[in-house]
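Below sits a lone chain in structure tokens, taken as the form predicted alone.
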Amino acid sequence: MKCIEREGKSASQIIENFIKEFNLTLNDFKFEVVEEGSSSFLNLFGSKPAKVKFFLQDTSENLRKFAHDLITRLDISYNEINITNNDREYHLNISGIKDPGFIIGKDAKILDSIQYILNQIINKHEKKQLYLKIDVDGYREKKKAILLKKVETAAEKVKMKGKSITLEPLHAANRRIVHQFIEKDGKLRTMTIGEGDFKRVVIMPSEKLKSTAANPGRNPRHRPGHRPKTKPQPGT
């Protein structure tokens, strides 16, 4: 529970300003009037401001509650919901599910659907744009590591042979992972081809890699220790 304290001329004015500041309704928070406030003669000496404490549920608490309610409705039992966040990005990992495949689904489509629903719920409740990512027993992280291993191998082949490689069809989240990984390497670039569920990422050599291949280095005739051939002189 988050506690925020405000001061002002009157409790009613403080509450009204708080509602406007955070774009809330009276049902979105609880409050406690700490000081009613008092005025002095001509409002010059001895006046005291009114003080009000506001109590707001933390985003992580709300998220945990919404996730629990949704999972329970699906008749799924679990051990723990772990939530971490970085600014407006929240990562929720559900652990201890007896049959994780049931909630993950093929290619994580069921998990993606649950993630989409919770994103809609939390954004509507918080009245601000948040991004939520849901995982089950670290499934997404494991799949990400496997994917990046494949991409790393493909990237090395492109560098060695100078020819493009097209990956297998990937859904949007995984394509984004590939693009972000490759864009860190100045010698490679990517593009997406195909439509719908059959979109693929192509890993290609960049102009920098092409120019390096075209000019691999010094002329071998001028490398250290090399003695260039000379024409035989007359009489030798």
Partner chain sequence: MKELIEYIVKALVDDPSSIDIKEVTGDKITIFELRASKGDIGKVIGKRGRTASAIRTILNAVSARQGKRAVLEIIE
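Positions refer to the first chain, counted from 1. These figures come from a predicted structure and were not determined experimentally.
There is another form of the same protein, the form predicted together with its partner chain; it is not shown, and what comes next is about it.
Visitor: Within 4.5 Å, heavy atoms only, one stretch in 88-96, 137-145, 150-158, 67-75 touches its partner chain in the predicted bound form. Which?
Guide: The contacting stretch here is 67-75.
Visitor: In the predicted bound form, does every one of 55, 59 and 84 come within 4.5 Å of its partner chain, counting any heavy atom?
Guide: The answer is no; none of 55, 59 and 84 reaches its partner chain.
Visitor: Although its partner chain is absent from this view, report whether residue 163 comes within 4.5 Å of it in the predicted bound form, heavy atoms only.
Guide: Contact check for residue 163: no, nothing within 4.5 Å of its partner chain in the predicted bound form.
Visitor: Does the 4.5 Å heavy atom contact test between residue 131 and its partner chain in the predicted bound form come out positive?
Guide: It does not: once its partner chain is placed as it appears in the predicted bound form, residue 131 has no heavy atom within 4.5 Å of it.
Visitor: Even though the partner isn't displayed, in the predicted bound form is residue 109 close enough to its partner chain, meaning a heavy atom within 4.5 Å?
Guide: Result yes; residue 109 sits at the interface with its partner chain in the predicted bound form.
Visitor: With a cut-off of 4.5 Å between heavy atoms, is residue 113 one of the residues that contacts its partner chain in the predicted bound form?
Guide: Looking in the predicted bound form, residue contacts with its partner chain include residue 113, since a heavy atom lies within 4.5 Å.
Visitor: Within 4.5 Å of its partner chain in the predicted bound form, which residues of 102-139 have a heavy atom? Give them in sequence order, or say none.
Guide: If the 4.5 Å heavy-atom criterion is applied to its partner chain in the predicted bound form, 102-139 yields 102, 109, 110, 113, 114, 116, 117, 120, 121, 124, 125.
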